[in-house]
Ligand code: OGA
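One chain comes next, on its own, written out as structure tokens in the form predicted on its own.
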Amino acid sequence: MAVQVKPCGSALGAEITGADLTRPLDAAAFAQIRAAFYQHEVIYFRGQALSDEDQIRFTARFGELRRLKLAMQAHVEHPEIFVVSNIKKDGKHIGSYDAGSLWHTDGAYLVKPHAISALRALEVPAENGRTLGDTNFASVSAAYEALPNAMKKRIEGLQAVQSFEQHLAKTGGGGVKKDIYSTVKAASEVVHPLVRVHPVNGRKCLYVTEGYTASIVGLPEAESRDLIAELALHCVRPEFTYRHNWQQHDLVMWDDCSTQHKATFDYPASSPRLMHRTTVVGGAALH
């Protein structure tokens, strides 16, 4: 079957069918998927019973994968795999159990932010025949394009402080996040453009989130706080979003430059959820 792309959201999102990711794809099929990814910003594949090795092989075709060997993931064979899960073993969480509680973009606190994230569903909570734990995505390229010209002019050239320490403060900062923080040796403050230029397609993207953006360089504290709040709220307006309802064996990939995401914690702690993520390393933020 040939690869097919089915858009599923007005601003972002597409389902990819006709590709068996358990096997290496030929160059033409991969090129079609890659083009769809940079056009739709979030793509997903249903019914892909992948191994960790399959996921690593496929996502590594998009670029170098980040390797993290975390103390709480001693059971994971491959350092390219990051575990997102509420499951406990011997009284301790086996992965990041509260990932995505705020709107954010992965790796914003790094000098070289993440380029792409890919999340694979191994176990998905369900109730009354419907799977729970949806993930919301927002297109910050569409959000930028929809800004009034006066706002585009106002924020042109501004830079923002992205802080993992602020993220810890906002989320309570459990041991899992502290483990991540110490492993990646994140700076206490990293400055990135408020408007990033996408390194592949050249689209301008708002780079401001409730999860990581601490301040805007050069602005008084009150003005900085108000502008961050205004832009962060604008980014997640319904017309810029897509909500993914997970199924077991889904693989969902998103562009960390042009999107934000937030998890939906609508399932009880007793319902197991297990996801494996791979992450493509990005370059320095362009502006």
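Here the structure is a predicted model, which is why all the values come from computation and not from measurement. Residue numbers here begin at 1 and follow the sequence given.
The next section is about a form of this same protein that is not shown, the form predicted together with ligand OGA.
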Q. What is the one choice in N86, S163, T135, S141 with a heavy atom within 4.5 Å of ligand OGA in the model of the complex?
A. T135
Q. What is the one choice in A11, A263, A14, A19 with a heavy atom within 4.5 Å of ligand OGA in the model of the complex?
A. A263
Q. Would ligand OGA in the model of the complex be within 4.5 angstroms of a non-hydrogen atom of every residue among A99, L119 and W254?
A. yes
Q) How about R203: is it within 4.5 Å of ligand OGA in the model of the complex, going by heavy atoms? A) no
**Q.** ligand OGA contact in the model of the complex: H104, any heavy atom under 4.5 Å
**A.** yes
(Q) So if I measure heavy atom distances to ligand OGA in the model of the complex, which of the stretches 26-34, 222-230, 235-243, 255-263 falls within 4.5 Å? (A) 255-263
